[in-house]
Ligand SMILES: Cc1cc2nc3c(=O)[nH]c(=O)nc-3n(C[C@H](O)[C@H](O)[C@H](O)COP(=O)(O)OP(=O)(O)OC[C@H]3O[C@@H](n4cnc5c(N)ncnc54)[C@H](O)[C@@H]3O)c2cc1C
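Given next, in structure tokens, is a single chain: the form predicted on its own.
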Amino acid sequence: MTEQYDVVIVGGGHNGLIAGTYLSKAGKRVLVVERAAMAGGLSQSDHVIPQAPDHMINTGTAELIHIRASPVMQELDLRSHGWKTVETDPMYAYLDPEGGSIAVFRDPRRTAEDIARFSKVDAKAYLEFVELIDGLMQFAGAMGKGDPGVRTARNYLDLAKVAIRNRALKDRLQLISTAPADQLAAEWFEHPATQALLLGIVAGAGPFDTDGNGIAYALFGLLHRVGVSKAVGGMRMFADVLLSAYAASGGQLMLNAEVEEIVIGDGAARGVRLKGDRMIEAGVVIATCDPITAARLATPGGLGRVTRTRLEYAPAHRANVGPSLINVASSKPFRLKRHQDLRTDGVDLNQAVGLIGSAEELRQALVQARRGQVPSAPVFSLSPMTNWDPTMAPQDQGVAYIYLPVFPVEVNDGWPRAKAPAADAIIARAADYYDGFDGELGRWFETCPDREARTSLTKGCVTHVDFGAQRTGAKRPAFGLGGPEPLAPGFFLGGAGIHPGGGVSGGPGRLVSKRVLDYLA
């Protein structure tokens, strides 16, 4: 049987659903095909711990930051579809091994006051650093007004205005967009605790010693500008909101539908062939999967040799470093030990994301992960989810979300042998900081290979393409392949592999919908 649509979208993650909603609202007949039994992609929650069937865990991302600064929220009126979140302030807290802490508040001055407890010099430097990041955000805002692959006179005018406004910061802005994040942390801040705070937050963007990774500090600009939302009911809430908006737009969804081929014939996209040889015809196909998977799915010979090569060379965890994730279900709530007791200002750190690992431990973990070794001193962030959303577990019980940003993709000993001891060491360290782990009921541990097996993401790379200044804007996913033109007539990328990249912003979905509408026009 053959079915016909204007647009078929491969992948029902947040970008696929957002692109589908924009296109359906524009009057196009759209079908999203998703290989899993539930849509949402990495914005997903479920009851997956057999020993704790009443504990909800996040199997991908756990926070909503980027989308708070995105026009997607307003343009698709997501709040009318059941958006339900809470905000925490402070948002993050570096937990020093000696019991001290540095909290990150919406107000940068309050953050600087916390830093001053370790170093008054660093406190002053932080406010100057935030001013620099604000300049970086202004440039990003001017560039993000349109398609980064299409420069117009208005774009150049907007950029010129930002350049004039920030001319005193010119040299430092150029440095922050080209230097490694680690170098910048060491240049700007003298105290190891301040450096650990900076590196602990940006480590999730990739190896922080890589040239160009310093632009990850733009995250601090977002934190102070828009803050953080925590989804009530887990990230399933966000997926349900997007599904509701997509359904209201008239779009159609097919679950348990695995794409075996993105069909390209006679030089143009013709649709997709599902497992079982079911054919769905469409003049446009959007692949929200990663670029390497998109190249693999395309009809052999359907893409030009140069285009296919560029897709296949898009770097995904090239340094063997990527994030892993552990969720722990407990019969007890998770509460900080001495770090909360040592706060004398009334600030409750139990709703903040705890950052565990010194600057030197972060650096050592990066070296060891590259070598295929499990870090000897685990570094991670810990989100005590039930402290702000008690609905994720039975009353007075807990769920902890442990995110390991600096972790090996592959290990020399092989994960079957290394996985259990690694989890034990991570949870043992977390128990030094938080009460509640002695009530553990069960855990869910996903390494990068596990994620690849579950989601088909190449090397389990959540950002699809490694992050850095050389992989942004019109240079994402590859040099010479980041503009608005389709890979082949009618075949577009639309996931985190295109601008603006990873993070839950909906930006890639919004951008590809505009590209497709221009193409169809």
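Note that residue numbering begins at 1 and tracks the sequence as displayed. The shown structure was predicted, so the numbers you read here are calculated from the model rather than taken from an experiment.
There is another form of this protein, the form predicted together with the ligand, and it is not shown here; the text below is about that form.
Enquirer: With the partner left out of view, is I133 within 4.5 angstroms of the ligand in the predicted bound form by any non-hydrogen atom?
Expert: It does not: once the ligand is placed as it appears in the predicted bound form, I133 has no heavy atom within 4.5 Å of it.
Enquirer: Indicate whether the ligand has at least one heavy atom within 4.5 Å of a heavy atom of R451 in the predicted bound form.
Expert: R451: yes, in contact with the ligand in the predicted bound form.
Enquirer: Test of understanding: in the predicted bound form, would V30 fall inside 4.5 Å of the ligand by heavy atoms?
Expert: No, V30 sits far enough from the ligand in the predicted bound form that none of its heavy atoms falls within 4.5 Å.
Enquirer: Give a yes or no for G40: in the predicted bound form, does one of its heavy atoms lie within 4.5 Å of a heavy atom belonging to the ligand?
Expert: Answer yes; at least one heavy atom of G40 falls within 4.5 Å of the ligand in the predicted bound form.
Enquirer: Check each of L173, A423, A359, A257 and return the one that places a heavy atom within 4.5 angstroms of the ligand in the predicted bound form.
Expert: By the 4.5 Å criterion, the partner-contacting residue is A257.
Enquirer: Tell me which stretch of 111-119, 147-155, 396-404, 303-311 has a heavy atom within 4.5 angstroms of the ligand in the predicted bound form.
Expert: Only one stretch qualifies here: 396-404.
Enquirer: Please state whether all three residues G20, L78 and S513 have a non-hydrogen atom within 4.5 angstroms of the ligand in the predicted bound form.
Expert: So, no: the whole triplet misses the ligand.
Enquirer: Going by heavy atoms, what in 474-496 lies within 4.5 angstroms of the ligand in the predicted bound form?
Expert: Residues within 4.5 Å: G495, A496.
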